[in-house]
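Considered here are two forms of the same protein chain, supplied as structure tokens in two stand-alone entries, structure 1 and structure 2.
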Structure 1
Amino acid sequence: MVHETFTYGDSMVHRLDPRIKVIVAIVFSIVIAVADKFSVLLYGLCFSLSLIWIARLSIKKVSFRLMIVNGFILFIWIFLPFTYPGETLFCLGPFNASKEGVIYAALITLKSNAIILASIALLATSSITTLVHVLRHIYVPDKLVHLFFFCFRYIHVIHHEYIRLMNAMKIRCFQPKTNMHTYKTYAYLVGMLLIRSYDRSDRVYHAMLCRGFKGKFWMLDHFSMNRFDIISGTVLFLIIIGLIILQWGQIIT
């Protein structure tokens, strides 16, 4: 379930210092999210696609992720052209699709896909464990970092408990249907997981106390930048600055 699908690989993207990857992903996403020029978004999409290509990720798996994400975008294509005011582009029965609406839907599609592809290429190519260490380096509050890691750590354990309880339901011939029995059964399943997790969290806290926990979590340092990281980082940031100038350059001058 929580397989880190894109994490393992030996590409340049996989080797890049994860701190750079996270910061680039954040800045790039923000720029694309607020940009509104077709050219900028097209270049942005090309940037994301080239990262995917450099990372040598499975096209099949990436496309599968995109398909899921574009479900919501599909709704926008169904509704937006017909409700957005503007010059009529074509008619579908009684509905008029506006040119501006189509353009707007296209912008959203570009933005969404550019950002998602960049996240896959830059974030999903590091393990969560690595990202946890990165978050600490970029001044995310300590408690949030630990909350994040603990949550991820125990998802695996709880998923196993979930499978075991699902098996217990299966061997007693449980068949999910649209009825109260089904909803109640799932509520019991989640309730049982919650109770066990309460007990487990007590035990984990006890294990922390046994190892002398005094309110401080520790992490060991992991990262060191080399020349490859500095050069790649500089290139990536220059590209993003290029996008920014293309989008807002005229306003400044």
Structure 2
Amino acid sequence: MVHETFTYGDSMVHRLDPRIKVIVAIVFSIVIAVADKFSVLLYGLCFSLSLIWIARLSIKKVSFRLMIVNGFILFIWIFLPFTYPGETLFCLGPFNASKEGVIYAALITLKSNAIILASIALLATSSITTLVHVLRHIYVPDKLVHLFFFCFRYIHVIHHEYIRLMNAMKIRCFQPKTNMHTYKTYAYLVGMLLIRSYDRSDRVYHAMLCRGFKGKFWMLDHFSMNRFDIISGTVLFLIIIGLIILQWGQIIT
């Protein structure tokens, strides 16, 4: 389930204007994603770790999220070095690992961890409602904003429906096995979730129309930027500009 674990706090990152945090997270992620120098990625990773430290987030909870991400990256290390063409670095039985494949896997690892850590520090320290408000301020299309908000709002409801259906199956002594009955049962479970999701979305839509919804959420509170936000945002953008110069400085000159 999606929980706003890191939302509550009183660090400098928590107090920073959410608009600055979202823009910095987007720009930083783009720069790191297209960078291909190890020095830039290492500095980017240090920048992300610094944000985690400044935000005073729980190392245990952050590490747990990194373990999930790096669990997928592990498959890249298993397959990519042995399938990417290039100079042979070492042999593992009949399989040859290429130097280029190892470098490529290392680049992906550094990029993924740097972006995830920065996203946790900058985005997870704001509530979902605040992030939706920010998306409206930076002129993201209304339909995408609504889709993002409702996905978060009703994923909990769908999860509760899933728990109810699973409990109903257990009460009827359902035991999952590798047979056709089990496959059909899980197929019915997915089908019922889809049907109930559609029915609930239709009811919510008509309820919103009854309350005068015309495609826009009205906010009572609005952001206000102070001197701390301006100074902090300037420092963050200067760091990102430094990464850009380090990556593409020779091309620019």
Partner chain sequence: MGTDNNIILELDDITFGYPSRRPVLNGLKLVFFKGQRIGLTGGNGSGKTTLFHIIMGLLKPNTGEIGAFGKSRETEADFKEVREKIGLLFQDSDDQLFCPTVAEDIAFGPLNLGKTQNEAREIVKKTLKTFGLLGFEDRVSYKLSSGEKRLVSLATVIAMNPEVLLLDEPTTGLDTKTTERIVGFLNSHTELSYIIISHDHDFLERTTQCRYEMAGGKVDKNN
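So that the term is clear: the rigid core is the largest set of C-alpha atoms that superpose within 1.5 Å between two forms. Just so we're on the same page, residue numbers count up from 1 along structure 1's sequence. Keep in mind that what you see is a predicted model, and the values were worked out from it rather than measured.
- Between the two chain copies, the one drawn from the form predicted alone is structure 2.
- Relative to the superposed rigid core, F174 undergoes a CA displacement of at least 2 Å between structures 1 and 2.
- Once the rigid core is overlaid between structures 1 and 2, D202 counts among the residues whose Cα shifts by 2 Å or more.
- When the rigid core is held fixed, the Cα atom of F82 travels less than 2 angstroms between structures 1 and 2.
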